[in-house]
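First, one chain by itself in structure tokens, the form predicted alone.
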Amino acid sequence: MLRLHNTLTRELENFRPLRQENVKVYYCGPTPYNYAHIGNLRTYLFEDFVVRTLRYLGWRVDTVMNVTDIDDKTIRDSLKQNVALKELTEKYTEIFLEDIRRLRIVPADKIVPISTLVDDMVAMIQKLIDRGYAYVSDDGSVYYSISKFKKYGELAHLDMSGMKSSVRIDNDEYEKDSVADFALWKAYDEAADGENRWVAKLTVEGKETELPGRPGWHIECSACNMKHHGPQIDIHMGAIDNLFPHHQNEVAQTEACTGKPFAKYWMHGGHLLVDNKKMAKSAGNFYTLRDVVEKIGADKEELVCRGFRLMALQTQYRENFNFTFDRLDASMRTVSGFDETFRRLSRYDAKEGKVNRDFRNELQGYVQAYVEALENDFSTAEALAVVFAFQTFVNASIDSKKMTLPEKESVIEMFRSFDSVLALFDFALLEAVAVDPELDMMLEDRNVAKASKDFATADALRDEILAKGYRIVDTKDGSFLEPV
């Protein structure tokens, strides 16, 4: 039975979706005004692990992610750079999608720019006005009246008595200790908005009204969910930074419109630190994925991305994640260790036979332990420990030279099964690499020269082989050629 930590209750709960045949999952997408930083990407990695695990355990999962292309920051930077809002946001959306591809994150089934949902947001705002949860201010903005929603603060577990008292807040993001009516629709401000202007056609106190402006941040996710998932979802995920005000305001808006509980389970990822400090440009420890790759070396990009993914797997998603370059280097070495195991498997000359009972029982034990780890609140660190033990078992089986062909095939299939969640392995390494027979002869001559302590000849042959695009790998299993 899958158990997960529900932010709403602060407890581990058995996972029981609203409908057994389909799990609805939503997570907040990027605000595409610049490159995503590694803290953002850690959140998308945790969400990827959750979705992959649900599918691994047999659930059918439908995922939706918004793209916040109308926002204080996107408009601010488009004006600063003197480019159209659409041009700016499409550019950084594509960069974001490329980043998650490099990290082997499965994109959401539906990726929705909120600029396509303005009419849906206006319809929700109208409903909130009609039900008395929203009002129009003198400047033409529309605010949500939090005093009308009696459960306000439950998700974020706010002590309302200890909060600052404010009347209204129209910024998309604001102080964590401020509780105030928040903007559903922000009145047009030429200085702040430039040419970015939409019109909300609303009926207020029986009178049709046109309000130029743009939607507030919080209503965007509510409308996106309503459009693509309906009034209720199973799991809503995101970074802990978004718990308040953003997710709390989503609950207030959606439940005031529908009268139903919005998300059954809420899951939040911990903070990312760099060298145990908050990441900030002013501190000189602010990194995007591109920054990290550049610092390590572009020639190692694929290994860097797999190493960063492994680092995220090694930390429980609810815990703070401490990024250091030493940790990344260690993770990259671990990934290289998996690669070497795969190379050994590709070179292993397995004989025909069968899967013996002890071997089968060993594999079944690893599968059971792996599933139990994932069912324990998506404990990827525990699941990885199982995979490391399995890797040791595989290497020992290769060393013993007793593994049969069906057993080797079972091992590879087991790695594929594990990787449906981990997405760490390079299965191309299992494919035999065709080598020119002349190079094989040169390798044999080099080995003879080396055994005869004719190191000058051995080194010359090594260099000649390297010039032809191959390097010699000496292992306890023998010497092999692999492409540079």
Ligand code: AMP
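Since we're looking at a predicted model, the values are computed, not measured. The numbering used is simple: start at 1 and walk along the sequence shown.
There is also a form predicted in complex with this ligand; it is not shown, and the following applies to it.
Participant: Can residue 290 be called a contact residue for this ligand in the model of the complex at 4.5 Å between heavy atoms?
Facilitator: No, residue 290 sits far enough from this ligand in the model of the complex that none of its heavy atoms falls within 4.5 Å.
Participant: Is residue 37 close enough to this ligand in the model of the complex to count, meaning some heavy atom within 4.5 Å?
Facilitator: Answer yes; at least one heavy atom of residue 37 falls within 4.5 Å of this ligand in the model of the complex.
Participant: Does any heavy atom of residue 271 come within 4.5 Å of a heavy atom of this ligand in the model of the complex?
Facilitator: Although this ligand is absent here, residue 271 would touch it in the model of the complex, with heavy atoms inside 4.5 Å.
Participant: Flag residue 372 as yes or no: does it have a non-hydrogen atom within 4.5 angstroms of any non-hydrogen atom of this ligand in the model of the complex?
Facilitator: Because no heavy atom of residue 372 falls inside 4.5 Å of this ligand in the model of the complex, the answer is no.
Participant: Please pick out the stretch from 78 to 86, 118 to 126, 275 to 283, 307 to 315 that is in contact with this ligand in the model of the complex, where contact means heavy atoms within 4.5 Å.
Facilitator: It is the stretch 275 to 283.
Participant: Among 241, 340, 294, 329, which has at least one heavy atom within 4.5 Å of this ligand in the model of the complex?
Facilitator: The residue in contact is 241.
Participant: What residues in 41 to 74 sit within 4.5 Å of this ligand in the model of the complex, counting heavy atoms only?
Facilitator: The stretch 41 to 74, when checked against this ligand in the model of the complex, contributes 43, 44, 73 at the 4.5 Å heavy-atom cut-off.
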